[in-house]
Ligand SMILES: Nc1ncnc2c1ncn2[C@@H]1O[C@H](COP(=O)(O)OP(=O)(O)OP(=O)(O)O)[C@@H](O)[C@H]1O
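Listed next as structure tokens is one chain, alone, in the form predicted alone.
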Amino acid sequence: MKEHILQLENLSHVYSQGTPFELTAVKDINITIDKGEVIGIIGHTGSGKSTLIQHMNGLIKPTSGRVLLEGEDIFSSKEATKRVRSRVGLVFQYPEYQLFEETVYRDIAFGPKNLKLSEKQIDERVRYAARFVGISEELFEKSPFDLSGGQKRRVAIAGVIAMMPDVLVLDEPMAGLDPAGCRDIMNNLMSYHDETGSALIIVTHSMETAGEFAKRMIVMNRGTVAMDGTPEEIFSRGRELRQMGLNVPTMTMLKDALSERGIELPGTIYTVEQMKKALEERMGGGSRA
């Protein structure tokens, strides 16, 4: 039986409520997240993605509804709110802009220090997190501001991983990185997920990234959950996605283009490997005919 770790119940958030600038960012959201899930959240700009995930660790409070961590309302007490912030890690878009310590080591250690851990425990956490994101110990005494953009991103993510959260939430973690850097970051995050069993929630504009790594996808549109299902289920509804201003993965578009030319491939295709397999099977079947 699956174990729930986070639940969002009838969650709504209204900015500047009661003023001429009132804006409903998310409305009546109901989402249950199980331990160990890998979820991709997609949606066009302004669909409510960032507002949604900031509720998950209590950074912002719902206007109405509840957020539950293993059944406990995270705003039921100061202690409950404190607990969720150590167990649900949130990495913002362009997290490297939040680096501020004098050395890489101290930046990664900042979170564990706030947990009142011993120096030995802090050191173990720093080295553990650095390993996951590919930061060598040779960089520990360097200023984070002297690193490359990709290295800064890794240090910032390591600072959250060092808290050893049960849920790791990332808002566009690959923004601004080249394709190789994107894949490295995602492989690092999946390694963390595989080794720890932590839930991984990734907000992304990349349909390819969501389709390749996520087992479940949530599509946001105008502050509501428009779709919630497997990548196969989501990408089979390409027309609806386009109506929301979203694209489908390149391989899905290629499948549609081939179909228009009379070349039919079975099933939903959204990764390069799926396309390769489908074409190989079609060619193999044709040669045997």
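Nothing here was measured: the structure is a model prediction, and the numbers come from that model. Residue numbers here begin at 1 and follow the sequence given.
The form predicted in complex with this ligand is left out here; the points below concern that form.
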| query | finding |
| --- | --- |
| Stretch in contact in the predicted bound form with this ligand, which is absent here, among 259-267, 50-58, 32-40, 227-235 (heavy atoms within 4.5 Å) | 50-58 |
| Contact residue in the predicted bound form, from Gln93, Ser86, Thr103, Ser206 (heavy atom within 4.5 Å of this ligand) | Gln93 |
| Contact residue in the predicted bound form, chosen from Glu124, Glu212, Glu172, Glu72 - any heavy atom within 4.5 Å of this ligand | Glu172 |
| Close approach of Arg66 to this ligand in the predicted bound form, 4.5 Å, heavy atom | no |
| Contact flag, Gln243 vs this ligand in the predicted bound form, heavy atom cut 4.5 Å | no |
| This ligand contact in the predicted bound form: Ala25, any heavy atom under 4.5 Å | yes |
